[in-house]
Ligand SMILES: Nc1ncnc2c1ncn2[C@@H]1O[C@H](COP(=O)(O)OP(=O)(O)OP(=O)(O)O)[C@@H](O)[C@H]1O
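Here we start with a single chain on its own, the form predicted alone, put down as structure tokens.
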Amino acid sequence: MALLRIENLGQAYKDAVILTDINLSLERGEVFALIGPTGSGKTTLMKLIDLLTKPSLGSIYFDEVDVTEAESDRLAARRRMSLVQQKPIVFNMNVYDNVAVGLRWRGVAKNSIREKAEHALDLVGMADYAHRDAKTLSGGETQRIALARALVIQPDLLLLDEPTANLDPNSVSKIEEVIEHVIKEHEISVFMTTHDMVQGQRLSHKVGVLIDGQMLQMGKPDEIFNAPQSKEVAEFVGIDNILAGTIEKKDGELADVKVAGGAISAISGFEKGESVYALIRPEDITLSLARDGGSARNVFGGVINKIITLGSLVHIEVDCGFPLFVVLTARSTIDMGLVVGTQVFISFKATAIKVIRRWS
């Protein structure tokens, strides 16, 4: 039985449609990660789930109770939820009191408050900070206190809105450790939005991709990141190489896929003649200045058409009869003397290619 169920949810403000026909469910103990570009409607959906606002259309069920309209039902459901915002607020008091305040508002007995608050602080690794002024904490420490404050009431549903956005790598690691511990040790359902797709893939049981207010795909992380059902989802999850083709020949699971300008070898369960897409992540392609004598079945000569530097990484487009994008470090690009027009060889294994049915 689903703890949270959303049916045909829609939201509009004046003439702007923010969300359209959202359907999802979250089981007890399940983690749902919502990903999507900025402005896709993730925060609006989070607010609707937290029952802070009412939807324009559709229904929200919490523990099989329709909590869309009735204020008494909404309040009862909200008391079983906790929200950790991207930029959490801390009160002008010490760390312990920041964590305990929610219990005091609920009228919990003093001896129980101390036990629960100390346990929550220990859970997030902040027990030694109990008497510190909360206003003096770093961003990562503040986020951990917000997590402790959310967990201390022992919610059935934990809502995390971009829990590690704008934090340094060390703080991200600590926050993720807490979330992983909560997932493993407590029967808490988690609904999180995240800009970090690796994080969403690692922590969640189910992923939803929200683009332009529509849930374009939902499923297990492997399904989302390796078998996208649309060009928009494929591009968003970082699959820059999307080659339309046809299965030309089969030898067991090994297939020759005919694409515009050439053919590639891939592992596929599709039959000869079927229309497919071959998906290749740029990081799975090797670029060299000489033909590689390795085990890769796919080796092509080509010319560099474009070089785009993004921080420490460089995205390179190679024309080898069909365009392919490769990712290298900036250092490797310099050491190899790569410029537009350089003759190169690219190679990738048949197992690096994900073949999916061609979408409409």
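Computed from a predicted structure; not experimentally measured. Numbers for residues come from their place in the sequence shown, where the first is 1.
Just so it is clear, the following notes concern the form predicted in complex with the named molecule, a form of the same protein that is not shown.
At least one heavy atom of H195 is located within 4.5 Å of the named molecule in the predicted bound form.
Although the partner is absent here, T333 is not a contact residue: none of its heavy atoms lies within 4.5 angstroms of the named molecule in the predicted bound form. Remark: T43 counts among the residues lining the named molecule in the predicted bound form, judged by a heavy atom distance of 4.5 Å or less. The named molecule in the predicted bound form is not approached by N94, whose heavy atoms all lie more than 4.5 angstroms from it.
Between the options L338, L9, I18, I346, the residue in contact with the named molecule in the predicted bound form by a heavy atom within 4.5 angstroms is I18.
Residue-level contacts in the predicted bound form: of E141, E162, D256, D240, one residue has a heavy atom within 4.5 Å of the named molecule, and it is E162. Here the chain stands alone, but in the predicted bound form its contact with the named molecule, taken as any heavy atom within 4.5 Å, falls in 35 to 43 among 301 to 309, 35 to 43, 60 to 68, 321 to 329.
Of the residues in 208 to 244, none comes within 4.5 Å of the named molecule in the predicted bound form through any heavy atom.
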